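One chain comes next, on its own, written as structure tokens: the form predicted alone.
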């Protein structure tokens, strides 16, 4: 199905906020499951998306993102579960009656039609009057800053302009809910950056409810007001970007959110005195708290953000250890260093100018900001503190 055609604001719910008419598009997904043959794509998804929210589904390939979006849109019938928008149960409602539009990974534009005709196509299918079509096309083309391309064919547009056309063909239908399935996958790095900003601008101006699926944590963190992290067809944590970064509920979320990803180091709890201590391969730590799980013999993963490691160049207090630089990765204004310590490889991030002093093979003392360390049960991956 073409991008922007899974659409279809036939019967959106509306309300009032002051003198303005507001589309009510709060969304609830309850107990969603979907199987394809022997593959259980979705295993009980629960989501709550507020009206006007930019909500992101984050997860790797096969996590269940696309299946969830297609079920919300009505392109897939769930095996079990319900799709509720603005208080209406849409689980069995046909696609055309859901008041939604969906943008896919591929632009799926009509190459033989002009940009203007591509914009107008879904409106003509619904029998909208020509004058109203012209008005809506002109308005959305201006808003997306591609009004100058209306008489051209899609093949003559840049990748970014084609993506704006695909977005506009969905928005021109004035959907209550916009679903986006990895829409930046086929763009180069600069266009991805520019289009992320474009989505944020459109969301701010339109106030539309958006659900955006991506495997890219940078996209999720930079755009999402809240993020649901998916793994193997389940939601493992939902929260704001700050909540997911600062308080991951398990080691999976800890490594999915943050760049470079969190270092996870195996460790064992040893008896005090006076309190239990945590033995890492290169360091002994006193935990900031002593939950019941920290009993002698307990096996942990200690999570350390790369930004919480720094060269120990002075006598300030704090746990420190000796490491050797194995690899450097310059990234412009910062450099990522791979450090070898106790048989482990740890990533540390330094400003570019500071990192110049630490070439491959260089040995250096490293300080850990231990109060920022995360503790996870090694078997289950669940956070302990």
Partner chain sequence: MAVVSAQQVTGERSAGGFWAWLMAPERRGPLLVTPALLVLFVMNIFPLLWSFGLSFFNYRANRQTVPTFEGLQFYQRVLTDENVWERFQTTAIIVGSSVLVQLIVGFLLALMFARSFPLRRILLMLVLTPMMLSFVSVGVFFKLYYEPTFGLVSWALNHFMDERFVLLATPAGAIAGIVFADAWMWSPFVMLLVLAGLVSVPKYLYEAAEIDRASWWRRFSTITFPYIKSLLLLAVLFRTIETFKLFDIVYIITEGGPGSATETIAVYVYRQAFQFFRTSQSAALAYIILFVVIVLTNLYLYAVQRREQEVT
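Owing to the predicted nature of the structure, the values given are computational and were not obtained by experimental measurement. Rigid core here is just the name for the largest C-alpha set that superposes within 1.5 Å across the two forms. Positions refer to the first chain, counted from 1.
Keep in mind the form predicted in complex with its partner chain is missing from the figure; the text below concerns it.
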Listed range touching its partner chain, judged in the model of the complex by heavy atoms within 4.5 Å, from 211-219, 306-314, 100-108, 230-238: 100-108
Interface residue in the model of the complex among 190, 204, 77, 112, criterion: non-hydrogen atom within 4.5 angstroms of its partner chain: 112
Proximity to its partner chain in the model of the complex, single hit among 122, 160, 258, 81 (heavy atom within 4.5 Å): 122
Distance check, residue 185 to its partner chain in the model of the complex, heavy atom within 4.5 Å: no
Residue 73 within 4.5 Å of its partner chain in the model of the complex, heavy atoms: yes
4.5 Å heavy atom contact, residue 95 and its partner chain in the model of the complex: yes
Residue 153, heavy atom within 4.5 angstroms of its partner chain in the model of the complex: yes
Residues in 167-189 with any heavy atom within 4.5 Å of its partner chain in the model of the complex: 169, 173
Rigid core superposition, residue 152 Cα moves 2 angstroms or more between this form and the one not shown: yes
